[in-house]
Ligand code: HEC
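One chain comes next, on its own, written out as structure tokens in the form predicted on its own.
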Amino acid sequence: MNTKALVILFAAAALLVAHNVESAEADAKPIVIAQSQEFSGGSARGDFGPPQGDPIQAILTSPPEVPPPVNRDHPARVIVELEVVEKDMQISEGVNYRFWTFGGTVPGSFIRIRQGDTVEFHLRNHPGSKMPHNIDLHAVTGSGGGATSSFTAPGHESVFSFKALSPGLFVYQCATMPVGMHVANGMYGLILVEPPGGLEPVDHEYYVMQGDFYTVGKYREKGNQPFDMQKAIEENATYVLFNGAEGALVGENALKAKVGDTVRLFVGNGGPNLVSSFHVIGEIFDKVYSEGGSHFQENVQTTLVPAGGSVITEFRVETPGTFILIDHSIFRAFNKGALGMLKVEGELNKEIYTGKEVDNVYLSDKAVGEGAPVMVQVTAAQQAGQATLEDQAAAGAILFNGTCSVCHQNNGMGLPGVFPPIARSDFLADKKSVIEAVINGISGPITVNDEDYNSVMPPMSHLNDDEIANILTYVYNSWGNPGGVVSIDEVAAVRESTRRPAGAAN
């Protein structure tokens, strides 16, 4: 090719490149202008201009309730006032714990705002508090998430502002040293930043947040239980709970809906240590907004919620019944307290499901919401040394129906050839052997009422001394058995004096 031809070729190529660049710039130009107009020269993430209208006082709600949708088409200045309160509350029946709270509840008050809002945050620390506190909101774009601006001594108030740039469901927490201790004592909650168009309407919205707790005493050990720092460091949780207490979402406290309703759960995990495997037994999530973000997955059975993270789940309930909320790390649900309920009323559609209602054999004593006052009353009487035989038997009946009735049956007759009877049973003649059997378990051949059995009773070492005493008092006074009382001291003496097999260390 001669020089003249090369010159022509390069010139044509140059013209083509220039045309493409000009076209690309022309195509991009409207996007740049639109972005500039929409975001008013601020952050491209969600700055919709300065606040409009008068300041708005945020509506805050306690769990499991959620504030109403924002329903605004413009950004506003939203004033959030939140007080830190250190208070004693029950973590389980008869078990008191000193919680550190945002707003007096665990989790803390639910906050709901709109993307682009400017939040004027007032954090107060109650004069009765013993510790300074602050707040780190994961919805904040800025150093410390607000923590560096909100260190607040008891009896004082801190104020700072931030603009909510990103939509989503975000955790907030205390970040005062030692951070883990503040979080482990219940200092966390959720803040929802709605997108400008809001969320799709549903029939019910609920606030559920998991946390792991570390007490000096073991699970359900009665009385005042202080925080155990070493257990927390080792991530050996005594309790794993929804909404700060065992039973917070069961019985009369259960979430509620009707057949055909749509339900949205705002689910958080305060941690401080454990990742949640959140699941609703008997339901499939139609949508799951993983980690509280903007995109959803469909038809999900179980979803992970990281410590310090969140998820939004949505589903329509198609059949009546009790649907069980759990952390599917399953021992946490049935042995550490991570269990809640959604009770759905309505007509049964047998084309969808023909099963019966969930019963206490499946849920243990956690299904018996009305039993909680009995347990509290008996616990108080036992701590005061005033519990009667009738008190112990009443509490024992509740515990037996969940813990023992699966094998021994509600009538105490057991299962022929498999599990021996404890109704009119000669095995009950030796009280010490009975207590040993509950604590240590039994494996291998045994003869009861002249019948041979060869099965396994696992050790019930997770039960506390008072629980075993109450169960056995109920057994001794039921189904024609000889009567009598099993005392806490008798159980404690047997536990102390017997060698327990591996797996029964407690």
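Just count from 1 along the sequence shown to find any residue number. In this text, all values refer to a predicted model and were calculated from it rather than measured experimentally.
The protein also exists as the form predicted together with the ligand; that form is not presented, and the subsequent description refers to it.
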Hey, in the model of the complex, is F427 touching the ligand, heavy atoms inside 4.5 Å?
-> yes
Contact test in the model of the complex: F419 vs the ligand, heavy atoms, 4.5 Å = yes
Heavy atoms within 4.5 Å of the ligand in the model of the complex: does P458 have any?
-> yes
For I59, is any heavy atom within 4.5 Å of the ligand in the model of the complex, or not?
-> no
Residue (of G480, G444, G53, P68) lying close to the ligand in the model of the complex, criterion heavy atoms within 4.5 Å = G444
Students should find that, of V179, V406, A380, V159, the residue having a non-hydrogen atom no more than 4.5 angstroms from the ligand in the model of the complex is V406
Of 130-138, 106-114, 77-85, 407-415, the segment with heavy atoms within 4.5 Å of the ligand in the model of the complex is residues 407-415
